[in-house]
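The chain that follows stands alone, in the form predicted on its own, written as structure tokens.
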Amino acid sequence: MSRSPVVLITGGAGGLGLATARRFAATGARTIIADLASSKPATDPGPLGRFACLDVTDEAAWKRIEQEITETEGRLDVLVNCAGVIEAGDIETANLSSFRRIVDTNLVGTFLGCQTAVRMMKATGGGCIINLSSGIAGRAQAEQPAYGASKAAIENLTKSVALHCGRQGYGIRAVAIQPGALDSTMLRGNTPAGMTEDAFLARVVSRFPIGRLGTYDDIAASIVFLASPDASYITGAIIPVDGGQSI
């Protein structure tokens, strides 16, 4: 691609989203880091791109960012739907407000992102949508009914988007990544009651043939590859990047 691609990353102000922004910026991409206003960096992201306020659950906010990107960049080449939340609670202890918060952020936010990206990309010759799923999508956990359900739905949504865009000849690819457990505050914050953090992390690592937790950069590198021309024959795929956990 001779021109610098325009990349929008939701949940981009921290964690995996920020690592992904760094990876794209290193390739010369023009990166837009979208997140809640409360997550806005205290300083200008500088070479990482620019910050844009976005509540992924708000359809009007998506329309505003679509207009902003169209006016400032003229196109959108890559969307990474990285915004997500997780909260523990089995089917007996989880409450409806928590379930809705998880589904609204993870699934509805991804739906609105896909819809916006398709609308923008089809007008400029195509692009790539990358959604974040989880191994929990196909391997249920008793303490994560809402999170698992949202991620399973994201995988089906991704396939639907890929199929539709292929049939329409839009030149838009859609793929989903299943990250393995990452050494993150999100993971550590879900240490079960009555278990130490070290014991919890050791239990998680034991499930991975590769023998370690993943890093944000492990996943970000895969995202950048999937968005590149080298992955132009990949669409509708659900790709585990999980240290062998899915074997």
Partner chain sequence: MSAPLEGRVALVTGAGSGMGRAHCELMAERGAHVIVQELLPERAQEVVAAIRSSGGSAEAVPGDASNVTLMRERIGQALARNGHIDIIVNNAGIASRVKPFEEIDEDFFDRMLDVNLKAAFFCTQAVVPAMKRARWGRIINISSMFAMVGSQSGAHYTTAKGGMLGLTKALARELAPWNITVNAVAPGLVKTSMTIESLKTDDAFEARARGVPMGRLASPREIAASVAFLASDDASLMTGMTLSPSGGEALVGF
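The model shown is predicted, which means the values in this text are computed figures rather than measured ones. Residue numbers count along the first chain shown, from 1.
This protein has a second form, the form predicted in complex with its partner chain, left out of what is shown; the following refers to that one.
- Every member of the trio 167, 218 and 244 reaches its partner chain in the model of the complex with some non-hydrogen atom inside 4.5 Å.
- For its partner chain in the model of the complex, the listed stretch (28-36, 195-203, 62-70, 210-218) containing residues with heavy atoms inside 4.5 Å is 210-218.
- Contact annotation: of the candidates 140, 96, 163, 91, the single residue with a non-hydrogen atom within 4.5 angstroms of its partner chain in the model of the complex is 163.
- When its partner chain is considered in the model of the complex, residue 159 lines it closely, a heavy atom lying within 4.5 Å.
- Not displayed here, its partner chain is approached by residue 236 to within 4.5 Å at the level of heavy atoms in the model of the complex.
- Residue 23 is the sole member of 22-39 found to place a heavy atom within 4.5 Å of its partner chain in the model of the complex.
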